[in-house]
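Just one chain is shown here, as C-alpha cells, and it is the form predicted alone.
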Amino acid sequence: MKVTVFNGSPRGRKSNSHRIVEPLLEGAREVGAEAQEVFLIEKDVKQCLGCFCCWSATPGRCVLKDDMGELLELYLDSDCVGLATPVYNMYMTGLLKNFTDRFLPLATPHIRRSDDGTFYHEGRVRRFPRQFFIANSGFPGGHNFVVLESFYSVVKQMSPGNVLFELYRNCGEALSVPEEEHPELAARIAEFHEALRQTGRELVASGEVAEATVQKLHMELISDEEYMAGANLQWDAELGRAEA
C-alpha cells in the first residue's frame, strides 16, 4: 500500500502537523507500506487561474507549469491520501486550499445530480485514493474545527465510504513543549503518538481504522486551564523580549 500525506502547514518540517503525521506514517511503514509526507511549503504550486482550460483547451491538464502535475500524479498513484493542516482563521491554510483548488483537472465540466439532490462534476479518473484528514488548533476545545467538520461532512456525502477518519487535535501547540519542561504532558503525548502509530498500522493492515483508535486520537493532552495559562505566559515572555 502507498500512503501519502500532503502537509499544508507553512512551518513545514517544524510544524505540529508534522509532529502528528510522522508517527502515523511510522506505523504504516511498520506493516509494509510505502509512506511519505509532502510539505507543500517546499513546492511550487501556483494559484488556480479559473480559466477552465483543463476542461476545454487541454482536457485533464492544467496550463500552469509548476509542481502540481507531479503532485497530482503522486495523489492518484497513492492508495490512501491524508491532508494535514493547522487551523487558520477557522479553516485550512491557504497552502492546502490552493493545493485542493488545483484538483480541477481531475473532473469534467459536466454537471450531474446525485440521488440525494446534490450536484457534482463527473470524475475524470477511474479511481480516487481513499482519504483521511488531520487538523490541529492552537486553541482548547473544538469550536475552531466547526467549519472544517462541515466541509468534510460534504466530502463524505459526495464520496460515501471514501473518508477513512478525521482527526481534530486541539491544544496543538502542546505537542512542541520540551519533555523536560512537562514530564506528565510528555507521557500523554507519547500515548497519543502510539495511538497515531496504531492508526497507521490499522490503515494498512485492514484498510480501516477502528472507532476505538480514533477516539484515542482525540484524547485530552492537557487541561484547558493549564494550556491557556502556559500559552499566555509564553506569549507574555515573547512580547517582553520584543519590547526589550
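Residues carry their position along the shown sequence, with the first being 1. Note that the structure is predicted; figures quoted are calculated from it, not measured.
There is also a form predicted together with a small molecule; it is not shown, and the following applies to it.
Note on contacts: among Tyr168, Phe139, Phe128, Phe103, the single residue with a heavy atom within 4.5 Å of the small molecule in the predicted complex is Phe139. When the small molecule is considered in the predicted complex, only one residue from Met90, Leu76, Met158, Ile111 comes within 4.5 Å through any heavy atom, namely Met90. Residues placing heavy atoms within 4.5 Å of the small molecule in the predicted complex fall in a single listed stretch, namely 139 to 147, out of 114 to 122, 139 to 147, 159 to 167, 94 to 102.
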